[in-house]
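Next up is one chain by itself, shown in structure tokens, the form predicted on its own.
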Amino acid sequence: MVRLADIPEVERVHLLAKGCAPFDSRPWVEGTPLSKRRVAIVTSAGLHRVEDQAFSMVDLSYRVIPGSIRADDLTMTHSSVHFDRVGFREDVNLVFPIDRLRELESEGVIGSVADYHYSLMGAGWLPKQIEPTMRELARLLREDEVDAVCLVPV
């Protein structure tokens, strides 16, 4: 793990400006057993279907990824000097663990895999900037009866 003291000042200042307000309610609650939950993936890897519009560098939108998608139908727009894309090319599950979810579903560990998953461009956004997008995603997840999300920050 990289320490703040080891990264360039401009990056350090940027990361430190991303403070999150404390919760004014109890954010962690008990729910139904995992074996009964419907699980979706939300990744900030900038993934999308090959035929979808690519993300731009200043993009607060999201892309919908069908749960039935094959790994080779995905591409990644996200680029940064801070990470290596080789891992994604070798195994999409590093940034979009759909095969692992399918395995957990078949083993009965989770109830089901959601019909739709979501991808955004990671990094660069202050919480207040991305909040409207995340509220919309929360609405879509509820419509798909999702009650657990695997968040994959990239």
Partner chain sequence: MPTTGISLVREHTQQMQLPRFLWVPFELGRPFGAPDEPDFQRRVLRTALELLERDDGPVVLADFPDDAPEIADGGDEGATWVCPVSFRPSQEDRPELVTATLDEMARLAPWHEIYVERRGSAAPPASRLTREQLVKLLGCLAQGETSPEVESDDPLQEWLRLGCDDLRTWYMQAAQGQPRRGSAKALRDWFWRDTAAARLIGSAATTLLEHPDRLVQFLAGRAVVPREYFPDLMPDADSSDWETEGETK
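We call the rigid core the largest set of C-alpha positions that still match within 1.5 Å between the two forms. Numbering follows the first chain given and starts at 1. Keep in mind that what you see is a predicted model, and the values were worked out from it rather than measured.
Separately, the form predicted together with its partner chain exists; it is not shown, and the next lines address it.
**Q** Can Phe55 be called a contact residue for its partner chain in the predicted complex at 4.5 Å between heavy atoms?
**A** So Phe55 counts as contacting its partner chain.
**Q** Taking its partner chain as it sits in the predicted complex, is Glu11 near enough to touch it, meaning that at least one heavy atom pair lies within 4.5 angstroms?
**A** Looking in the predicted complex, residue contacts with its partner chain include Glu11, since a heavy atom lies within 4.5 Å.
**Q** Answer with yes or no whether Leu104 is in contact with its partner chain in the predicted complex, where contact means some heavy atom within 4.5 Å.
**A** Result yes; Leu104 sits at the interface with its partner chain in the predicted complex.
**Q** With the partner left out of view, is Lys128 within 4.5 angstroms of its partner chain in the predicted complex by any non-hydrogen atom?
**A** Answer no; every heavy atom of Lys128 is more than 4.5 Å from its partner chain in the predicted complex.
**Q** For 92-119: residues with a non-hydrogen atom within 4.5 angstroms of its partner chain in the predicted complex?
**A** Sequence-ordered list: Asn93, Leu94, Val95, Pro97, Arg100, Leu101, Glu103, Leu104, Glu107, Val109, Ile110.
**Q** Once the core is superposed between the shown form and the other one, does Gly19 show a C-alpha displacement of at least 2 Å?
**A** Yes, the C-alpha moves 2 Å or more.
**Q** Given a superposition on the rigid core, I'd like a yes or no on whether Glu131 shifts its C-alpha by 2 Å or more between the shown form and the other one.
**A** The answer is no, as the C-alpha of Glu131 shifts between the shown form and the other one by less than 2 Å after core alignment.
**Q** Does the distance between the two CA positions of Glu9 reach 2 Å or more between the shown form and the other one, the core being superposed?
**A** Passes the 2 Å threshold, so yes.
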